[in-house]
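Next up is one chain by itself, shown in structure tokens, the form predicted on its own.
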Amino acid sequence: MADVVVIGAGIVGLACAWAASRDGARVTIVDREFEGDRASHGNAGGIAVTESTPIAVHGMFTKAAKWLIDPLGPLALDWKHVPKALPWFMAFRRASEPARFQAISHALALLNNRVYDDILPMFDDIGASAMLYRRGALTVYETDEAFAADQPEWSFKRELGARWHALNAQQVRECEPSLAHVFRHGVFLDDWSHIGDPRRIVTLLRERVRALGARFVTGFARGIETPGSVLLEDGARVKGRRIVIAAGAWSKALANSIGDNVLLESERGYNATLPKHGVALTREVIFAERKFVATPLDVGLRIGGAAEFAGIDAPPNYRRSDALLALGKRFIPGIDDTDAAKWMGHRPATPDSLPVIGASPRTPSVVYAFGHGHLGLTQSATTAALVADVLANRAPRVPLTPYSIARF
């Protein structure tokens, strides 16, 4: 019997397996396809340590209503999915209330402010340090109005520990000359970084976990039976003294199987990766008004964004990738989209933007590590460190109450 069974072989699950293995635990990892595509492969590659405020900012519902009018805008909603998702959206709106917004932000900052303490040793151990580019990031604004409207949030982020400084139009052009000359303001994010290839990071981490002695079991986890038993779709069972649920957007059903309720949705994201883009970007660029990003990865320029709520099973709508590519061509003139690869993935999103980390209040042998939304890569090693603390019965280095599944 394994000491720890980890369900999920994305970046968070593998990081948890890595941390537990280095603590001396015998680890088994369960996943339906270890080399299959997942959100950990198609993300924008950012180590987004400044993203310490929830997505549910004040006024988001008004903006969302406008975005929904545009069939290829930054937000899409399958109306057939609304009844199922309604409790999630109601909780999302509550997260924007001032007191709750403040509490969520401080909880996010607790994680994000220690990201490099945790992720740098993990990258070093798996041989990925050369793929980490600590060049900051640039948020750009087309209008004075949008820049002014975001100033309270930027000031709050500074209070939370984020380092940034404002740029004027000329400084934006000097920072990233390949951008179209339409941006009147910029915010340079000093501590943001990006990796060269998200898929390669997952591969290196998986290989390192295997080298540390972990056992890999291929199968789809249907639920947790008695404490210490994972039931697979084919009827097989995987035994372990402790179970870590790190199955991303598929974690809700596993939590429900032991009676824990969680509000979790797939916030489907899209991108297009251009291997022959032919432009020179130095760092990740966030286009504030258009809600998309462009990242110069080792594998090509990745243009990503969009949020689509349609559930896990709906087919991809790759016109969203096309729409993002059109925005990229507009704001990064001259990019070459030859052999562009389109992608869609499932971000595991909670309504309050906080991940679910910690032991189940019903079944303490089960530990949760999911719901990171846009910050799975960013918070992966920190989540793993906290999970390892729980598994080893150590005092967690960050208080876990804000991330408990009991909040739902």
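Just so it is clear, the structure is predicted and the values come from calculations on it, not from any experiment. In case it trips you up, residue 1 is the first one in the sequence shown, and so on.
Here the subject shifts to the form predicted together with a small molecule, a form of this protein not shown in this document.
Q: Can you tell me whether I11 touches the small molecule? I mean in the model of the complex, with a 4.5 angstroms heavy atom cut-off.
A: Contact with the small molecule, yes.
Q: With a cut-off of 4.5 Å between heavy atoms, is G358 one of the residues that contacts the small molecule in the model of the complex?
A: Taking the distances in the model of the complex, the answer for G358 is no, it never comes within 4.5 Å of the small molecule.
Q: Quick one: is A247 in contact with the small molecule in the model of the complex, heavy atoms, 4.5 Å cut-off?
A: Contact check for A247: yes, within 4.5 Å of the small molecule in the model of the complex.
Q: F183 near the small molecule in the model of the complex, any heavy atom under 4.5 Å?
A: It does not: once the small molecule is placed as it appears in the model of the complex, F183 has no heavy atom within 4.5 Å of it.
Q: Only one of A56, L354, V30, V366 has a non-hydrogen atom within 4.5 angstroms of the small molecule in the model of the complex; which is it?
A: Answer to the contact question: V30.
Q: Work out which of the listed stretches, 157-165, 267-275, 84-92, 136-144, brings a heavy atom within 4.5 angstroms of the small molecule in the model of the complex.
A: That would be stretch 267-275.
Q: If you check in the model of the complex, do P74, K291 and A326 all have a non-hydrogen atom within 4.5 Å of the small molecule?
A: Negative, none of the three is within 4.5 Å.
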